[in-house]
Each structure stands twice: as structure tokens, then as C-alpha cells.
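Below you will find one chain, with nothing else, as C-alpha cells; this is the form predicted alone, and questions on how it binds or moves follow later.
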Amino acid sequence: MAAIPKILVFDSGLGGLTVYREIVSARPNARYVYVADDAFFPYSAHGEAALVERIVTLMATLLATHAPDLVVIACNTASTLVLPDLRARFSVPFVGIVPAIKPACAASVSKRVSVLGTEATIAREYTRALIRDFGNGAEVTLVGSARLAGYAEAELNGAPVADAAIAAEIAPCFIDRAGRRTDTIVLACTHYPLLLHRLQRLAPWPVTWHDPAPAIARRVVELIGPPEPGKPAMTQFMFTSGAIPSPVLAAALLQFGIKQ
């Protein structure tokens, strides 16, 4: 691995910034390329075959152009679908992100857990297999949101979303039945932590929100090694559409340390 490694962070849009933020915190002296596939956003609007073809083909171009030492697929939908194809075709290490069902179910006291993700992630057999294997006796409710990822993108782009709209998307996660309330919610889309402060405020009662980003950052450090003396992170940010971030979005990206 290079002394100053290059890490490519890939997502369907801006949700991967929540993962990027954790990785940079854990491994600050690295070079980063953040790629938002906005030309194909949202991924939940496309069939599985189209997504596999899109991501594998796009990744071949990105690897040839940027030659990263490691790639983070910071998207639940892409990770649960395309990781086997990527690892079979390319030699660079890939780190994916999957719903944090195992730690959430283990930590739940009421054993009533909800998994909040995109419709595509919730519908995937991979997600159901995680529940069968790691449910730990918990009653798990799958909640597919068609709008929440878009709301997160809108907020970063300076288009505020009403509380009522966000509350409607998370309402099915909260179940109070037979003397047991939902006490744990898995955030199975990297966009959702962008709205965490809103989710916490709009929740009908306090719950634990499980964000897998810290675990992904730890895995990256395991693969490329701990921080060494060197320059702080430098990041190149790009949209696959070729779009230039608006001034509002550029200001939001500064909060993540992204200037270029």
C-alpha cells in the first residue's frame, strides 16, 4: 500500500459523505476521490441488471483514471447488489456497506428493531438473510422509504424539507405493541445520517439510531494501516453528470472538508 494511499469513495449521490467523513477522521493523511453517480440517481429507480452493468462499467473507468489503492462503496443498494461482481473483476480491495442489523439486534433491549432503507435495499434478499442470520431473537420491521434519500439531497442543496414530510417517512419504524416499543432503528441508507438531527427531533420517542459508517472507517484503517505523519486529506469531488456544485452545495461540502 502506498505511503499516502488514495481512497475512492463511491455513492449514488451525496449520502456517502457520511461515510467519507468517518473515514477521513480515522485516516486523515490520505488522498481521496469522492464520486457521486448523480447521472443515475436514485439507484432505487433502476432494475438490478441495469445497476450491475452501470456500476461495473463506471468502476472500470474510475479505476483506470484514478488508480486508487482502495475503493469504498458507500451505498447500501450498490453494496448488497454489485460487490461480488466488482471483486471478481477488479484486483483493488473493495469495502462495502450493509445494514447494521447484527449489532442493532444484539443491542436492542425491547427486541423490537426497525430497518429503514431505500425500497431497493429493503426488498433485497441479502437484507432478509442478515435478519435470519443475525436477528438474535428480535422482531425486525423492514421500512422502505421512497423519498428520504431525495430529502437529504434537497437539504444539502439548500431546499428545506418540511418536518411533516420527514415524519411521514419514518413513522412506520415506530411500533408500540404488546407492551414493547421499537427501541432501535438501523439506518440502511448512507443518506439518512445527513438528516439525523431531524430524525431524532421528529421521533415519537427516543430510539438508538445505528449508523454503520464508523465500522466502515475502522475496516478501511485495517486494510490500509493507521495514520502516519503526512499532509492532511486532500479530496477531489465529482458528479458523474459533470455538474458543478451550486454555491449552496459547495458551502455544504466545506463542512465535510471538501474544497476541490
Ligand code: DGL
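Since this is a predicted model, take the numbers as computed values, not measurements. Just count from 1 along the sequence shown to find any residue number.
If you look for the form predicted together with this ligand, you will not find it shown, but the lines that follow are about it.
Trainee: Heavy atom within 4.5 Å of this ligand in the model of the complex: which of Val72, Ala104, Val115, Ala149 fits that? Just give me the one.
Mentor: Selected option: Ala149.
Trainee: Can you tell me which of 203-211, 55-63, 35-43, 216-224 lies within 4.5 Å of this ligand in the model of the complex, counting heavy atoms only?
Mentor: Partner-contacting stretch among the options: 35-43.
Trainee: Are any of the heavy atoms in Thr184 no more than 4.5 Å from a heavy atom of this ligand in the model of the complex?
Mentor: Thr184: no contact with this ligand in the model of the complex.
Trainee: Pick out the residues of 76-99 whose heavy atoms come within 4.5 Å of this ligand in the model of the complex.
Mentor: Result: Asn76, Thr77.
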